[in-house]
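Let's start with one chain on its own, the form predicted on its own, as structure tokens.
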């Protein structure tokens, strides 16, 4: 059985973000990067299935991006993936979800994958479109936002997170694609022995030009932080004095006490 898990390297959310000179994406100069958190759950679920299936299964991890994405790929290999494909693309951040999905589908179309795992969405662009578009392009069954997963004899049983805390259960035959929600499992930490083993695992590097033929369907025209509004007021002193100041501000600046 052949499995594929797709991951993305994204800026760490603790980084300080500012637009680049073109005003269409982040300035990456001072950013730290990590594996997209949703994708960590996808990797863990793919590895759990790989372990359940045993020696008859093969798990490939795929990532699109510049040279730095190799760090996220190596982490996936150290977690338990068997091999990797790095679609080398220095301009990946400028591509829209349609183009990214087309690259993945072109890579996967002749490799007979039975199940493809992706994160529900990326933490930077947040479109939640790539996984479902890949499934459509490949003609795979698809279910999204899964928080429970089981596989048996060619059938996936998945629990989906719906609105209002409601869960839904779906069954679908392979080949299929699932997008993974946080809480699906507990992603493992790579151990030192597995990190060392990962260094011997194969990473196939493919220039994106060999797979990319689609023009974007959407382009980013501007990228900017929200406009700054009036600042807050910090009150200091005794409680009684601060209460009087708050009342005075409410009377002067708002209609609350009028």
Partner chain sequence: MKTLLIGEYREGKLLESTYELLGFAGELGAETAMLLVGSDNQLPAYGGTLYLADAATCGEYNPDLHKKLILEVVQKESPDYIVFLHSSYGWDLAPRVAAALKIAKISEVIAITDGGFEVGCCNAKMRRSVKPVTAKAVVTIQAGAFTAKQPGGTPDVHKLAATGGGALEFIGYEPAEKKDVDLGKAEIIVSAGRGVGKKDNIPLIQALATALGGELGASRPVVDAEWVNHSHQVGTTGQTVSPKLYIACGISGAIQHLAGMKKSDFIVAINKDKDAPIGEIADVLVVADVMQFVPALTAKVAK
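Positions refer to the first chain, counted from 1. Superpose the two forms; the largest set of C-alphas matching within 1.5 Å is the rigid core. In this text, all values refer to a predicted model and were calculated from it rather than measured experimentally.
Another form, the form predicted in complex with the partner chain, is not on view; read the next lines as being about it.
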Exercise. Is there a heavy atom of residue 100 no more than 4.5 Å from a heavy atom of the partner chain in the predicted bound form?
Worked result: no
Exercise. With a 4.5 Å heavy atom cut-off, would you call residue 141 a contact of the partner chain in the predicted bound form?
Worked result: yes
For this session: May I ask you to state whether residue 169 is within 4.5 Å of the partner chain in the predicted bound form, using heavy atom distances?
Result: yes
For this session: Tell me, yes or no, whether residue 154 is in contact with the partner chain in the predicted bound form, where a contact means a heavy atom of each within 4.5 Å.
Result: no
Seminar exercise, completed: Only one of 105-113, 69-77, 83-91, 156-164 sits within 4.5 Å of the partner chain in the predicted bound form by heavy atom distance, namely 156-164
Exercise. Can you name the residues of 1-18 that have a non-hydrogen atom within 4.5 angstroms of the partner chain in the predicted bound form?
Worked result: 13, 14, 15, 16, 17
Problem set entry | Rigid core fit then residue 237 CA moved by 2 Å or more between this form and the one not shown | yes
Problem set entry | Displaced residue check between this form and the one not shown: residue 24, CA, 2 Å or over, core reference | no
